[in-house]
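Form predicted on its own, single chain, as structure tokens, below.
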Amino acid sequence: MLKPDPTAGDTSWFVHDRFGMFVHWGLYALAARHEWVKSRERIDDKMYQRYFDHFNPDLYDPVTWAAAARDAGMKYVVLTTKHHEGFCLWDTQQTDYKAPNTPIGKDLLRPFVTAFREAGLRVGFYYSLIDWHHPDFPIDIFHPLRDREDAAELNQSRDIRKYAAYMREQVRELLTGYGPVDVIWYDFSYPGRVYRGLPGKGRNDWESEQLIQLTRELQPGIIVNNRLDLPAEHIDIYTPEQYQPREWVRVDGKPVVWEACQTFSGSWGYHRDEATWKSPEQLIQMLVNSVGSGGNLLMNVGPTGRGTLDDRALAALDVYAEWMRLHSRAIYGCTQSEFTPPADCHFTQNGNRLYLHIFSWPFRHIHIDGLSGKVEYAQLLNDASEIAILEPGGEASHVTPNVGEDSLTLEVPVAKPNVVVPVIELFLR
């Protein structure tokens, strides 16, 4: 089986646990129309201030969030401590643009960390390299003021060096004030994106070398993602976003540790009117596809402005909870298999346990190439009921006249089991 090279951060737990929760939460929850609303609608600080002035998530209870994540089978969480809007959920000493200065009047990060750790989940922090509120952050292609005629002139008074120092001090707070942090999820670099003469930003702007050095010094085992615009030796995990790799992610031809980040709908932040919520089948298949291609899945929720998970998000989490209750051992500790699955199926594998995830239920028989004589027992994972194995030339001859000698045939029930994606557990010899 494929195995990535060792990483600077401790990814041993990461490649075992496989499934995490992403949480996008900030002032944009009040706008309720995408976390990029400030950029998309070109809202200046004065107009955006209304969300800060009315941010009062009085129903915020991270214990219930943590329970929902745990019940869904998620093993770690990554929270947006600061997103691109620049608003901070913790009591940072570097800016007044923080939760304690809103009507809620308190640090929202500390109770979050406590709740998720007590629920048994590892904790990670998302930290935006972008900041549309900071006075020293130069206007660029994504900035809300990008179309102002005087944008270049305004940039003359903005000092990216001061902003880079600001980021380091905030990261120092996050990595020294909340105990062990398992993941830091920096987001994101775009050095080649020039807009109307306004340059994009990358490692030189963020002073990424200093930032990664500080990160490793403060939390030596922490996992760092790939969005600081740094060479591969500084990267622990790669993070394909809003698409599903169909095979193990490779960099320079080598397999790497990776994690797909996805949303229940088309938005990361709470979006009241967004309607493209994924079906139960899509939700489970995305998890299976990720693990079966050697990766993880980080699935996002966007809490409301009152601090709750809305009914649609809870329903999606329930889909995972019900499926993982019966099928978690086909996910935890699993990875891509050396065997090729039949059509409309996907494999995950953990040692001598091979898991066949069936996306389209067949009639009576499944033929698998390359497994003849290699399987000693088969069962449906949801109820441990035996599945008959028919080898070529034996009982299978009347149902597999054109199946190769290296194939085996599984005889499955006519009726699909009452689970979103059935799984057959194959015990290899």
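In this text, residue numbers run from 1 along the sequence as written. Since this is a predicted model, take the numbers as computed values, not measurements.
Form predicted in complex with ligand GLC: not shown, discussed below.
Asker: Are any of the heavy atoms in residue 357 no more than 4.5 Å from a heavy atom of ligand GLC in the model of the complex?
Answerer: Close contact is absent here: in the model of the complex, residue 357 is far from ligand GLC, nothing within 4.5 Å, heavy atoms only.
Asker: Answer yes if any heavy atom of residue 60 is within 4.5 Å of a heavy atom of ligand GLC in the model of the complex; otherwise answer no.
Answerer: No, no contact at 4.5 Å.
Asker: Is residue 241 close to ligand GLC in the model of the complex, meaning a heavy atom pair under 4.5 Å apart or at it?
Answerer: Contact with ligand GLC, yes.
Asker: Since only the chain is shown here, I'm wondering whether residue 201 would be in contact with ligand GLC in the model of the complex (any heavy atom pair within 4.5 Å).
Answerer: Answer no; every heavy atom of residue 201 is more than 4.5 Å from ligand GLC in the model of the complex.
Asker: In the model of the complex, does every one of 22, 36 and 268 come within 4.5 Å of ligand GLC, counting any heavy atom?
Answerer: Judged in the model of the complex, 22, 36 and 268 all sit within 4.5 Å of ligand GLC.
Asker: Given that the partner is absent here, state which listed stretch (343-351, 155-163, 185-193, 94-102) has heavy atoms within 4.5 Å of ligand GLC in the model of the complex.
Answerer: Checking each option against the 4.5 Å cut-off leaves 185-193.
Asker: Among 248, 126, 332, 178, which has any heavy atom within 4.5 Å of ligand GLC in the model of the complex?
Answerer: Contact check passes for 126.
Asker: Under a 4.5 angstroms heavy atom criterion, identify the one residue in 261, 224, 72, 284 near ligand GLC in the model of the complex.
Answerer: None of the others qualify; the residue that does is 261.
Asker: What residues, if any, in 82-97 have a non-hydrogen atom within 4.5 angstroms of ligand GLC in the model of the complex?
Answerer: The stretch touches the partner through 83, 84.
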